[in-house]
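Heads up, the chain below is alone and in the form predicted alone; it's given as C-alpha cells.
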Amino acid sequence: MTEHAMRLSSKYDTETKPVAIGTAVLLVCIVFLLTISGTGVADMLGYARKIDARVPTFLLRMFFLLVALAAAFIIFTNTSTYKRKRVAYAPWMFLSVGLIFFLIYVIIPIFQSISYSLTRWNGLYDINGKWTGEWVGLENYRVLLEDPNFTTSLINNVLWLALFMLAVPIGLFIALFLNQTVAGIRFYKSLFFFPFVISQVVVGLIFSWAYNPEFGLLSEIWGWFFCEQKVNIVGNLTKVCSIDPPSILGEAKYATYAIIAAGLWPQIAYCMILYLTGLNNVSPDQIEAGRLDGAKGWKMLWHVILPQLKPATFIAVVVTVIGSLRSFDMIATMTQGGPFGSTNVLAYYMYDQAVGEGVGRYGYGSAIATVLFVIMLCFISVFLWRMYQDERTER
C-alpha cells in the first residue's frame, strides 16, 4: 500500500480516545437521567422532598440531557462511518437535536396523556413520591358521553370551526384589495396586519371592553339609537335608554359568537398575509393571457388567480382549522367558559377539569385532551393526504 493510500485510510479511521471519553460521559448521563427522580440521587443532592426538588430536578435533567447529546455527537463524529459519509449524515445531525426534544416534550407526553385518560387521578403523589392514581379503563370516556358540558364544548368547537373558516375568503378579498400600487398602500397594509401582531390575550381584553354594556364601544353605539341625555333631580346629566344595551358576554346565546368574532380579527389578518405573499408570486404572463382571452372580474379571479393561490389557500385552511380546534386564549380571557359553561370548548374544558374549577380530575381532563387530539389528527391527516396526492399529480 502506498504512503498516500495509507494516509487516506488513516484519515477515515475511528478515533478511539474521543469515542471512549464520549462513551463514558454518555453512560454517566444516562444513569443520572434514569435515576435523577429516585430518592437515592435526590437525597444525595439534598433534595429529599419532592416539592423542593421539582425545579432543581428539571434543571438537572436538562443539563444531563444536553451533555448526553453533546457526548453522542462527539462519539458519532469521530467514527469511521461518519467520516466516510459525512455529507449524507450532516442533515440528520442537524435534525437530531430537534427531533429528540420533540420526542421527549411532545410525542412522549401525548402517549402519557392517553395513558392518564384510562385512570382516575388527582394529579398528586403521596409523601413518598408514589403515584396515587387508579386504573379505571374506559370509564372516563363513558362519563364523557353523559356529560352535558362536554357535549356543549364539542358543539362549540364545531361552531368555531365553521365560522372561523370565514377568515379564509375575507382574508383573500382584503389581500386582493391591498394588492395595488398606489400611494400609501404600505401604511394600509400595516394597519390590516396589526391585529396579527397583538397577543391573543390582549385581543380578548380589547373586545371584552368593547362589549361592556356600561362603558364599551357597543354601549356608545347603542346610545346613538336608544338613549338620550337627561338632567336628573340633582341637576346632573345622565344617560337614559329606552332599551338597555345588551350584555353580550353575559348572554349564553350571544357569548360564543362574540368570542368567535374577536378571534376572527387576528385570524383574518394572518390569512391576508398569506394571500398577499401568494399574489406576489402570481404569474403576470397568465394574467395577460387571460385578458387576451376576454377573462376579467370574477372569471379572472376564479380561473386564473385562484389556481395559482392554491398553496396559500392550503396553508390558510390548515392553520385556520387548527386554530379553531385549539382555541383557548379568548375563552380564558373573556368568559372563563361562562355564562354557565355555555362558551366552553374542548381545550378550555380540559384545562378547567384538570387544574381549573374542577381541579383534581387529571384523568378526566386527559380523556378530553385525547378526544381533541384524535379530532385534530383526523383533520391534519386529511390535509397531509391531500398535499401528498397533489404532489404526486404534479410529478
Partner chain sequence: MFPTPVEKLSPGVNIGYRLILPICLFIWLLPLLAIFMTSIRPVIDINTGNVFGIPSEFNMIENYATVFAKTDAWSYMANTLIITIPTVIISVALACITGYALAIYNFRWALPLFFVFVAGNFVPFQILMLPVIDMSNRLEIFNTVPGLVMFHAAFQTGFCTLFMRNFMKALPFELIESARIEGVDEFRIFWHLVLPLVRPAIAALSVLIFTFIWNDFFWATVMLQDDAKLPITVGVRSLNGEFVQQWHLISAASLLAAVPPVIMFFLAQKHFIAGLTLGATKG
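Residue numbers count along the first chain shown, from 1. All of these numbers come straight from a predicted model, not from anything done at the bench. Throughout, rigid core stands for the largest set of C-alpha atoms superposing within 1.5 Å between the two forms.
There is another form of the same protein, the form predicted in complex with the partner chain; it is not shown, and what comes next is about it.
Only one of 301, 72, 159, 118 comes within 4.5 Å of the partner chain in the predicted bound form through a heavy atom, and that residue is 301. Proximity to the partner chain in the predicted bound form, defined as a heavy atom within 4.5 Å, singles out one entry of 294, 169, 91, 148, which is 91. Only one segment in the set 150-158, 91-99, 240-248, 132-140 has residues whose heavy atoms sit within 4.5 Å of the partner chain in the predicted bound form; it is 91-99.
In the predicted bound form, no residue of the candidate spot (16, 26 and 81) has a heavy atom lying within 4.5 Å of the partner chain.
The partner chain is not drawn, but in the predicted bound form it has a heavy atom within 4.5 Å of residue 217. A residue is said to contact a partner when one of its heavy atoms sits within 4.5 Å of a partner heavy atom; residue 20 fails this definition for the partner chain in the predicted bound form, lying far away. A residue is said to contact a partner when one of its heavy atoms sits within 4.5 Å of a partner heavy atom; residue 342 fails this definition for the partner chain in the predicted bound form, lying far away. The partner chain is not shown here, and in the predicted bound form it never comes within 4.5 Å of any heavy atom of residue 254. Contact annotation for 73-89: residues with any non-hydrogen atom within 4.5 angstroms of the partner chain in the predicted bound form are 77, 82, 86, 87, listed in sequence order. With the core held fixed between this form and the one not shown, residue 384 has its Cα displaced by at least 2 Å. The Cα shift for residue 189 between this form and the one not shown, taken after rigid core superposition, is smaller than 2 angstroms. The pair residue 66 and residue 115 is at least 3 angstroms farther apart at the CA level in the predicted bound form than in the present model.
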